[in-house]
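Following this are structure 1 and structure 2, which are two forms of one protein chain, each written alone as structure tokens.
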Structure 1
Amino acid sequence: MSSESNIEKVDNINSEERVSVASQGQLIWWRFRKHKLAVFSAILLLLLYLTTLFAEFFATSDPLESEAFRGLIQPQPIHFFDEGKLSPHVCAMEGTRDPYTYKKTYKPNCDKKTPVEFFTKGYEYEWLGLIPMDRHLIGVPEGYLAEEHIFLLGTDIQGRDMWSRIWVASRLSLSIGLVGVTLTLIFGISLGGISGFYGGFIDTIIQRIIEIIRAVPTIPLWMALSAAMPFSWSIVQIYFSITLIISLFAWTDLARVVRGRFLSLREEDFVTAAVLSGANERRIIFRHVMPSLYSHIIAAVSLAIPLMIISETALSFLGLGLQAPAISWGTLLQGTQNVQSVALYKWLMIPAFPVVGSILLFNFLGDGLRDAADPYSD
């Protein structure tokens, strides 16, 4: 019974009072804040999505600029010090061709240095497709050509700079999750809501449809549907078709969550009270039922996005998703389809890291959100 435990008591009383007056949203936020990993993931993801807006700024070279004789150069680190002085530079990559196998191998030659500058001018691009710019985070001084001198993560078989391509690819790969989830939300909430709110015959039909969709192996169907897209379609058309195809099969989880909540909410007194006081269906759904669903929906969404990212990556990897010249992490990984390239040109696997990383972050976030959204968890 020291003074310390008395302070603890005071704290407890306060927190108890706070809890009893807090809104649902505040409660979820408090519980979410306790999940350090989830909060950390949320911040990182926010930053990651922010960088997609400035993808070209992070790129060093034009991601589409190909040159066969620069193909398959290995990653080249930036040296920050030169003879003890701060002077960022990269060593030139010199290729020699094996006279027998005809294979070209590159070696750094540190006698030939290319200085590296930050916040410098490089290739021209249109920021957000609107404003012409040429500023880049990393670049080479005037007189040098970035495409010929700087390969931070190496080059692919066509001599395109991997570092720049990964940054630009993140835009399609990460946004496909968001766009796809929007469609999933529309399908999931409307069908799950109808199923749970009306119940009875409609519910049975929708539940059977969900069961069947879940019993269907999705990847072969995705493959077939995406293979059926005409070659003449533009990147934008293919992009939206892919998201549509993926969300056609991804809405069932969300629909089940929403239905379950609707079913249990139908029994709740506050909904009965609203019905008895003469509120119409629309009002009941949007004023009474939906607010208590948001948290569950947010959690389900954050767990659905990584599925979308995986699906797109897998489809594009197989050559059935986005096609060149579109750049996504999946299309970048196409170069690793055979074992030789994986073994000899390991850096071609680098695009796997952002895929795994972003999916991990989403899963951590989703896990934290799900715990926070559950009113009966601690």
Structure 2
Amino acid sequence: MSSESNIEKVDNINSEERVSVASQGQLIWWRFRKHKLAVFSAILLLLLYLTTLFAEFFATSDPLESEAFRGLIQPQPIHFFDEGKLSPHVCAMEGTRDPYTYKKTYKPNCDKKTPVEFFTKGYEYEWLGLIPMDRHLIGVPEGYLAEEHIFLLGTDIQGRDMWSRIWVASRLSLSIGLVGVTLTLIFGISLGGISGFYGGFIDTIIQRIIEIIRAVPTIPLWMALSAAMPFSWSIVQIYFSITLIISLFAWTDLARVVRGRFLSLREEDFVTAAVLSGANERRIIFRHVMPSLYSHIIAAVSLAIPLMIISETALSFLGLGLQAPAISWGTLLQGTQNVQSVALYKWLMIPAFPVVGSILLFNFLGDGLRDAADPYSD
């Protein structure tokens, strides 16, 4: 028993020494690894962002290819076995006209089967706008047209494949959060830090600007700015305009938090010691004060990215954000603006699931990072 207790004491001493000499980054990483849900969320988000880089590879057909006669086809599952043999295929979808409502409905006819192949050739695209490619994860053999035979998540009212459009939309909707939060960090940390560190007249001016921005009603302003965008602008120009607009209203909360922390920390002993030792203002801000704000910044970022995603989705859904032919989660959900669509064509609501899922993952990740940024807390 004495030997075991001695071993435990040695282990405790080694762990304490390890913590005492560890950098702040190491402490954050060790604490973050203990948060299993946050680690799992981080892995899923990493996979999600990596797969969106290859969105066209996972798509089965051109997301802009439309044809009215195949509009509102229900989801079409893949059957992997045929008469006990491995033979991936989909059943043909045949449309019939309802004699009472005159609506066209589709039913699977498994007497007509379309083979499904993996890593096959399909429509041509340019990966990241640079490299011409025509390979896809799922497709149909040569001689078939994917946009006429395979609809894994159904089609919208214009006959465009929902599976392909969701993959392409994920890239835009997820990237707008990263670009937007980068601008938010730049504005919030810079202006909030200057306001709190220097105080006085500069603090008064910046705080009045923040109050003016927060007093402006966002919905009417978004409507006005959306109407002011020239119709001749490209999708890329509109994308960055929407990102900038959202960022201009999202940085104020972070700036307030950073200002408050700077006001409380600039009188601390370690800041005074840095000033007396001759450290310049830049070193004091970034080497001495900023590390104390990591938990607050991480919490703000973990909330800012989902806010960006929701804002873009809501604006595009209301017709104030991205417009066709741009493809985002918000534009995909525009087809669900009436009860009839939701009741009769439930698969049009599928783009809402990646919105909810990604936001939950970011929140779980943010909780873990926020706790990890304060490694000495219990």
Partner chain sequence: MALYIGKRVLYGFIAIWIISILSFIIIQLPPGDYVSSYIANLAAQGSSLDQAEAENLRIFYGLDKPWHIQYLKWASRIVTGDLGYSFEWEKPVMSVIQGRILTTVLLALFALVFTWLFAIPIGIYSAVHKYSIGDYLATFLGFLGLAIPDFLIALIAMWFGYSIFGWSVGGLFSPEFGTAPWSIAKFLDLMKHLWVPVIILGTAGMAAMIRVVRANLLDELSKPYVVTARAKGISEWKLIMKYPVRMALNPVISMSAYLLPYLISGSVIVSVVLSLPTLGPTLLKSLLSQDSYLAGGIIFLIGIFTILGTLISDLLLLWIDPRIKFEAR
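Think of the rigid core as the biggest set of C-alphas that the two forms share within 1.5 Å after superposition. Throughout, residue numbering runs from 1 along the sequence of structure 1. Given the structure is predicted, the values throughout are model-derived calculations rather than measurements.
Looking at both structures, it is structure 2 that matches the form predicted on its own. Taking 2 Å as the criterion, residue 115 does not count as shifted between structures 1 and 2: its C-alpha moves by less than this amount when the rigid core is aligned. Once both forms are overlaid on the rigid core, the distance between the two CA positions of residue 267 between structures 1 and 2 is 2 angstroms or more. Core-superposed comparison between structures 1 and 2: the Cα of residue 242 travels less than 2 Å. In this core superposition, residue 300 moves its Cα by 2.4 Å between structures 1 and 2. The shift recorded for the CA atom of residue 212 between structures 1 and 2 is 5.3 Å, with superposition on the rigid core.
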